[in-house]
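Taking the form predicted alone, here's one chain by itself in structure tokens.
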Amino acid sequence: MMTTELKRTGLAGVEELYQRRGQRARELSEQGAKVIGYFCCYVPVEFFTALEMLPYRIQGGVNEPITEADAYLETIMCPFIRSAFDLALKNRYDFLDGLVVPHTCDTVQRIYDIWKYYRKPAYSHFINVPHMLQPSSYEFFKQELLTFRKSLEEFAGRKMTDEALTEAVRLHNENRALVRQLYDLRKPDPPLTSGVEILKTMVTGMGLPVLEYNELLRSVIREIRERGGGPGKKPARILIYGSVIDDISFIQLIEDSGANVVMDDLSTGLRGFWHDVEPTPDPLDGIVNRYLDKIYCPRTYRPQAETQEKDLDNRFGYVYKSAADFQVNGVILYVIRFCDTYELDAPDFKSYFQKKGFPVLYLEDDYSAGTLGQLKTRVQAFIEMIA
């Protein structure tokens, strides 16, 4: 396993790493570690850890205008993907040794070929994740991961033993449990920590070895528990549901408008940490089941129930349960423009939560700090309605 000395601890360490994204990954790359960039939460990060590589979740930059990517990508593509590729064209991701992309949506699928052609990473791999859940899907996905495993072994120059993979599963399950503990600190009213602090911690973890991230999470949890206080009681307790938020500006806007963001179901938030990999004799079986069946995202179609009501419960019931557990009294549905998967789900999601008694604000954004002013008025009016 990759062992490193933890240099940053607590919320101060989170702040430093958040402000200097990629710094730790670049440091490890300079020390000889292989750093593999990836998109979305469907890539089994345990594989990288088992081979002592560093998984780095690729992010965009809401504060930086897209100036180069539009020469290669249509402007009606997902602005998050365009932003991430724009940063790659500007050599912000020159520390990456490879790229792994799962088939989560059409835009993510296409960026794989474009990125590979123009940036020419030393290693690249595409994982075909089934969109339908049926018995054959699991066997298909296992074969996909076996191919991925072999490909990664060839790049690493060594085999991935089942023992190393089992240990990697244990470390990442520990990581998921710590993230859930961190989120639980927002259950009290008032919460012990803010949505801004949570998001900074989550973004920071996207570029750290799992051992370092686990130690950082422990120090953050300990500091928050020991300091007392927190963001203070506010009349609105908000849950955010959507795709990618990897910058604090939108969360800051909500909390500055008189609300506590106490829960989320985001691709860059808790969605990838809800469930552990169950132990199985062949560790790959547990990984297959967890990544295919236990990540709830609009890109996956689950077998329909016999009624629409039961079907909506199957799709969104877990979000409703967390809204109740965290005493939420308002829901924000945040969708990045041109994201078909979320836009198609939005009417059902909004209707479901309104029928459950929750006010819902549906926002479509351009993944740019420049749009915050347009969102501010709507967010403030929504919070005033709740209060």
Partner chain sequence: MSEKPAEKTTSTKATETVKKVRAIVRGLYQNAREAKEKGQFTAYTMTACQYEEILNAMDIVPVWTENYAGLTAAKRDAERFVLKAEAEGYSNVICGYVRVGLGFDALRKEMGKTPENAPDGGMVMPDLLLGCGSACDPRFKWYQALGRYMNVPTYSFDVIWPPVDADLDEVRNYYIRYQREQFQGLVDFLERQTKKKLSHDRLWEAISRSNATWRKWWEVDQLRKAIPSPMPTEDHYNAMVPGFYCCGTQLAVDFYEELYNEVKQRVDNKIGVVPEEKYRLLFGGGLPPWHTMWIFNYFETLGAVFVMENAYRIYDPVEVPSHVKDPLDYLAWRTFLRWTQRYDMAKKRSGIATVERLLEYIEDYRIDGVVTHATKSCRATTVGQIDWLHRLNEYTNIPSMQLISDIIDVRDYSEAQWKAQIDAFVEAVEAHKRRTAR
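Positions refer to the first chain, counted from 1. These numbers come from a predicted model, not from an experiment.
FYI, the form predicted in complex with the partner chain isn't displayed, but the following is about it.
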Counting only non-hydrogen atoms, choose the one of 204 to 212, 252 to 260, 145 to 153, 222 to 230 that falls within 4.5 Å of the partner chain in the predicted complex.
145 to 153
Can we say 248, 377 and 380 each have a non-hydrogen atom within 4.5 Å of the partner chain in the predicted complex?
no
Of 181, 161, 134, 91, the only residue with a heavy atom within 4.5 Å of the partner chain in the predicted complex is 134
Quick check on this chain: which one of 234, 116, 170, 176 has a heavy atom within 4.5 Å of the partner chain in the predicted complex?
116
With heavy atoms only and a cut-off of 4.5 Å, decide whether residue 74 touches the partner chain in the predicted complex.
yes
Determine whether any heavy atom of residue 290 comes within 4.5 Å of a heavy atom of the partner chain in the predicted complex, and answer yes or no.
no
Does residue 130 reach the partner chain in the predicted complex, with heavy atoms at most 4.5 Å apart?
yes
Heavy atoms within 4.5 Å of the partner chain in the predicted complex: does residue 320 have any?
no
So which residues in 343 to 365, when you check the partner chain in the predicted complex, have a heavy atom no farther than 4.5 Å from it?
343, 344, 345, 347, 348, 351, 362, 364
